[in-house]
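Form predicted on its own, single chain, as structure tokens, below.
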């Protein structure tokens, strides 16, 4: 073989190797303790998307590495370092909780690895600290609470009692509710993350003269709070409004205790898009439970990555090209309308949700009135990207 032929053969071999390059995705979610159901929904949603894509992303073989952050920042940090340094992940998908995202944000983005959040959307990275390597397929934390605040204002509630755990997402949700609510906040209570006994807080609600409660108590916190609130008899006197308190991760345990309670979100299992209907049916058939927003947003995260890898022909070395492909969001979101704002947080519709029992006996959230159309977060204007 002459020198030209050897050079040509080597080049063709290199092209073949590039064409068969494996896409590596690292996923960091909470899979320990009471909030484990939230992380499991995200894992299952992402895996279902990969099943629908025949195990590939952008037509290329793909590997998913799942890590449990144990809801401990130091563990999340260690797992993030391992994914970008040892596993050499092309994308990191995570996290569920905002304090975990704050722990992994710098090591992932500073390594110039794309970080895709399927749930946590803190205000800290939506404005001045926005980052070209960070994308969100869920929402900005404040937004769902803004929906509830707008609903409370329109419904005429005069006095609202607010409760949330004392971490970034809790503070964001409190601020979000106040954005569109002009009535009186009779009390604003922060509890530790993972709080279980709400007797003292319920006693304060009972004496507050509030006509509505706004709660952000995700996962196991929500199960406990809803049950204790119902058992106290306050549900007959005070309207219960929440975000991520009555959802598909908590309702299997809350059931009738959450009946008549209101929520807010960008999607529910009865969303009427064809893609969503197919997703819910496939998810329930595969996993045996009802998907919630955590699963939907993780499915969309996988489809977002798939669209970007396909757009660049599997060449992930050109970071600018990958970023542009991610920004294009050229995929069909299960929720319907979806695009990225200048800060890489979504522009999307938001709804008032209510708790309902399906004909098969499953307790779910159900789409009600659309509160915001093509709604972007209020921090995007501070982002200089």
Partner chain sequence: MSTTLILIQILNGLQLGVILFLIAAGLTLVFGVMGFINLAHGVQYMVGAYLAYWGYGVTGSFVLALLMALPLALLMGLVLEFLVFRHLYDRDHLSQVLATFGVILFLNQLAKVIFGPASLSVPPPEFLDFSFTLIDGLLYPAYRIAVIVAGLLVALILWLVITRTRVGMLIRAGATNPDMVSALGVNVRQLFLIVFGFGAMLAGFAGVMAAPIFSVEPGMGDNLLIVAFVVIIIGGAGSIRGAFVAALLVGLVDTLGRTLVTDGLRLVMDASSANQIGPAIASMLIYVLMALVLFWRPEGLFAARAAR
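Since the structure is predicted, the reported quantities are computational estimates derived from the model, not experimental observations. Numbering follows the first chain given and starts at 1.
Note that the form predicted together with the partner chain isn't included here; everything after this is about it.
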Let me know the one among 108, 152, 103, 223 whose heavy atoms come within 4.5 Å of the partner chain in the model of the complex, would you? 223
Would you mind picking the one in 275, 312, 87, 253 that has a heavy atom within 4.5 Å of the partner chain in the model of the complex? 253
Residue-level question: is residue 188 within 4.5 Å of the partner chain in the model of the complex, judged on heavy atoms? yes
is_contact(residue 156, the partner chain) in the model of the complex, heavy atom dist at most 4.5 Å: no
Does at least one non-hydrogen atom of residue 201 fall within 4.5 angstroms of the partner chain in the model of the complex? yes
When the contact criterion is heavy atoms within 4.5 Å, does residue 234 count as touching the partner chain in the model of the complex? yes
Partner-proximal stretch of 57-65, 352-360, 325-333, 28-36 relative to the partner chain in the model of the complex, 4.5 angstroms, heavy atom: 28-36
Heavy atom of each of 196, 207 and 249 within 4.5 Å of the partner chain in the model of the complex: yes
Residues of 162-179 having any heavy atom within 4.5 Å of the partner chain in the model of the complex, listed in sequence order: 166, 171
